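Before any questions on binding or motion, here is one chain by itself as structure tokens, the form predicted on its own.
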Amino acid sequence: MINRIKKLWRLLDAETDGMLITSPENVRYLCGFSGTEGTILLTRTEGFFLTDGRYTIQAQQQVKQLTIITFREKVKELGRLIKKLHVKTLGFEARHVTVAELHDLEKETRLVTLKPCTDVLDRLRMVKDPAEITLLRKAARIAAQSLQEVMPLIRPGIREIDVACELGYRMKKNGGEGPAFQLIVASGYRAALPHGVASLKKIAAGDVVVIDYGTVYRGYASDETCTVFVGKPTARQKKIYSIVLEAHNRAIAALRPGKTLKMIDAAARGYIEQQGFKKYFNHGTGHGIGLAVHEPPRVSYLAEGAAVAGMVVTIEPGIYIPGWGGVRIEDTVVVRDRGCEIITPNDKRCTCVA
């Protein structure tokens, strides 16, 4: 973990002499703590981990190389430490600190310059090390195995929520910590909802079913979308599936170091547009994934920067037609030196059930 703290300081400018880490993902990344109440305060020579009495024992077990402090009033304790350490410019996670929390912190640190460091922290976890990729691969395999076990349940008459509940149970039984997000099981006309979380709707013969699911393994998330057909697909269903699959494959083929993230998005988006479905693809082509299921970088027409070896992103184009349904195909992909590696193991060829 100490190397990750050094990495953070290399990314920060020279005038920042203190850093406050509050988001659960960055706290875990930097010190290994997996609880829900933890804050890190760093200077260039010292490091402190602050938590309340509920987590003192857990912190002693998980947190190494930082001084552990159990607080009664967090902001007052932070103010005392910051003054004692003579911090002049304190970086903080602007995206994670609320206005109220910032106001309280300002009151306790009146002579300290508070500096938003969102862009630095976005870059901190963007490139994964081999140990992280191993955990991401394990999460993906647990989730994929669980979906295969649930596939026989997908048949006419079963409710979307029943499929989602069984899938969540299987992922935990197979070694996951639980769903990485609210599972999406959207069938028939509901498949036109990109985030159509499972409902009480019964799956019917002839439906397209979009299943977007993932689990967490030792803190790291998986994310994959499979679209299946209940019965033999119609000509239109097969056509739209084939367009989305080709867009997905083109984006993956384009994903390599040095390619801009906009270009990777354009590889998928451009093909869908050529096929006449431009207005039915209304989200980015992908996103980073790691300790958070959605994290930088984005793969979209608004994205900045280029792919770098070690980045882990999703590729998930889709077509969503109101009143008809939709198709999304998603894999999680590691950028390698000469291309990329798909770590979500399910075959994305057209799948029929029931």
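For every residue, the number given is its place in the sequence shown, counted from 1. If you're wondering where the values come from, they're calculated on a predicted model, not measured in any experiment.
Separately, the form predicted together with a further copy of the same chain exists; it is not shown, and the next lines address it.
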Within 4.5 Å of a further copy of the same chain in the predicted complex, heavy atoms considered, which of E108, D162, E246, E132? D162
Looking at D122, E77, E166, E149, which is the one with a non-hydrogen atom within 4.5 Å of a further copy of the same chain in the predicted complex? E166
Answer range among 227 to 235, 253 to 261, 82 to 90, 100 to 108 for contact with a further copy of the same chain, defined in the predicted complex as heavy atoms within 4.5 Å: 100 to 108
In the predicted complex, is there a heavy atom of a further copy of the same chain that lies within 4.5 Å of any heavy atom of A94, even though the partner is absent here? yes
Would K239 sit within 4.5 Å of a further copy of the same chain in the predicted complex, counting heavy atoms only? no
Would you please decide whether R137 lies within 4.5 angstroms of a further copy of the same chain in the predicted complex, comparing each non-hydrogen atom pair? no
With the partner left out of view, is Q274 within 4.5 angstroms of a further copy of the same chain in the predicted complex by any non-hydrogen atom? no
Determine the residues of 46 to 70 with a heavy atom within 4.5 Å of a further copy of the same chain in the predicted complex and present them in sequence order; the list may be empty. G53, R54, Y55, I57, Q58
